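Alright, here's a single protein chain in two forms, structure 1 and structure 2, each given by itself as structure tokens.
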Structure 1
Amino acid sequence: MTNLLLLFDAPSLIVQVLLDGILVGSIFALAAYGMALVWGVMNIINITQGEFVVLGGYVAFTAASWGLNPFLCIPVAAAALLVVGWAIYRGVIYRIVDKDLFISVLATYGLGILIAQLINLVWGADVRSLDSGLGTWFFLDGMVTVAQTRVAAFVLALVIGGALLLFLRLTRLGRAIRATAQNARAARALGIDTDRVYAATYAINAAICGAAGALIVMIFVLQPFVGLIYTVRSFMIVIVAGLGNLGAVIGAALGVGAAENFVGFIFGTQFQAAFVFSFLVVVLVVRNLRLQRRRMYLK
């Protein structure tokens, strides 16, 4: 309760907590959007999401250790993960893409463990982090501090999201992806090579995660086994936002990020995760009730 009063005593803290949440939320939005894309187009819940993020972070870390500017490491990580994603589709995912949702959850979960262990073998279990070389901005007598890296990450996340949106709207492959998401059979009947579309979707998702990972290694620290956090977070955001559109995903990611930070501020960091999951339950229950009322819910 004293923490709540603290917020009223120093309103600038509200700005701080809000900014922290929104800036970090934007990066989660990237991974979440990738997950929504794969889920919507291929009907696969990609549990490997977090490991793609971590792998992207490690690729960026390695590229930076070769002397590359940290921000130039983002496209490098994205490109590397594009290849990885494509290879994983060709190796594993194409076998399960028509199967039950449960099979895909199991398979991608297994893949996640495999990737985490491989990262551990290659890079070791040490904690890694990348210094972006940027400083911190001060506002309102130093009560509000904003790390410039986070702002850069926020802007880049929006740019990547925007580029993706344009890609899906304007390019031929993008339209094919959307058509497949609507109705794969019809798309196939109309001459779209859905297998290629799936491969592209999965690879693009991995690339987005790679970019998110490159941002995360600059803002947070990475360790081979933290992937699940990012998977769960993406999943949560997708559930709240629905599979429909990019705007909802970004909104949900920023909103959840900010709300979670306020909960952390008022009740303590230990309640952040509890809040996120309780919120998830509430969203599911409310959505279910609404569907029932509209008689759209099949018993």
Structure 2
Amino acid sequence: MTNLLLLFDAPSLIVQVLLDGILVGSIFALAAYGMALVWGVMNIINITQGEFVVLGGYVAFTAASWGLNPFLCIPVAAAALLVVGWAIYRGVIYRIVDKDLFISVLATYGLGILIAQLINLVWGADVRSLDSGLGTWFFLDGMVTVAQTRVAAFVLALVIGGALLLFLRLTRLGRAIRATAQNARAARALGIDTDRVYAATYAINAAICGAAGALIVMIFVLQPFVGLIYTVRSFMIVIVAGLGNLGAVIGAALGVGAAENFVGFIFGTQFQAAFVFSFLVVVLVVRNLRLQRRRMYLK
């Protein structure tokens, strides 16, 4: 409880922890965008989400080691994961689109294990990080520091979210994705190639995760087997925000990032992952109770 008392004694620490949490939460929002898209359109819970994030980070790290500017590595990682996502859909995912939701969980969980092992085989188990080359801003006489990399990640997350929203509203493929999400059978009856829509949706999801991974490797460190925690964060954010609402996804992601950062400061960073899993359980229990009450009311 010493750290909790420290927050009250030094209000600038509250500002510091809150800002760090919000800025990091924006990156969580990127992975959650993709999960919400795949879940809403294809009715698949993509457990491979975190592994796509990690793979994107390693692609960005490799591109930077070849001399590319770290921020130019973001579109490279996104493009590489776009191809990977499309290939995985054509190889595996198309077989489970119309299956039970639990089958999608098992299939994508197995894919996640496979991707993590391949990352370990290609890049090794050592942690990786990438220097963005940006500095730090100081506020309140140096009591509050803001890493410019995190601010850039926050801006990019908002830009990508806005671009995704405009894509879904203004482009022909985006409208086809929305129509398929609303009613796939009716979309097929109207001549929409839903298989193409599903392939594009899954590939776009992977590309967004690749961009998130490229940002994460500049802020944190990555190793092949940390993907699950990003999957859980994405799932929790989507559950809190609900499907089909990107604005709510951003808000939920910022809230989760801030809460996780406060927990890490007060109890220690070793409890951050435990908080994420515990909070997920609480959210699921609360949602289940609400659904039970709604069913009882309808009866």
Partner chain sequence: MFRLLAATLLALAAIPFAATGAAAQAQGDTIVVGAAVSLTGKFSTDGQHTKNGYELAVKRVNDAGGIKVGGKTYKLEIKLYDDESSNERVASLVERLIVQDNVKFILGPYSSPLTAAIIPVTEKFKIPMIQANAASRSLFTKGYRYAFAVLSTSDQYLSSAVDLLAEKGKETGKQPSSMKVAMAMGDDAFSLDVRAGILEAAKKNGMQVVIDDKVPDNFTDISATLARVKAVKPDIFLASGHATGAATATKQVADAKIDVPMFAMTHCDSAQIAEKFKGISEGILCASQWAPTLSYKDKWFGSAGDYNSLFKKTYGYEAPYQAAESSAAVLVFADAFARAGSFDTEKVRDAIAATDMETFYGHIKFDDTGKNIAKPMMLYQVQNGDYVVVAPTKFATAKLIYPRKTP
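Sequence positions of structure 1, starting at 1, serve as the residue numbers. Take the two forms, find the largest set of C-alpha atoms that superpose within 1.5 Å, and that set is the rigid core. Keep in mind that this is a model prediction, so the values were computed, not measured.
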Query raised in the report: Since only one of the two is the form predicted on its own, can you say which one?
Result: 2
Report task. State yes or no: after fitting on the rigid core, is the Cα displacement of Val24 between structures 1 and 2 at least 2 Å? Result -> no
Report task. Could you tell me how many Å the Cα atom of Leu284 shifts between structures 1 and 2 when the rigid core is held superposed? Result -> 4.0
**Report entry** For Gln272, CA displacement between structures 1 and 2 after the core is overlaid, in Å
**Finding:** 3.8
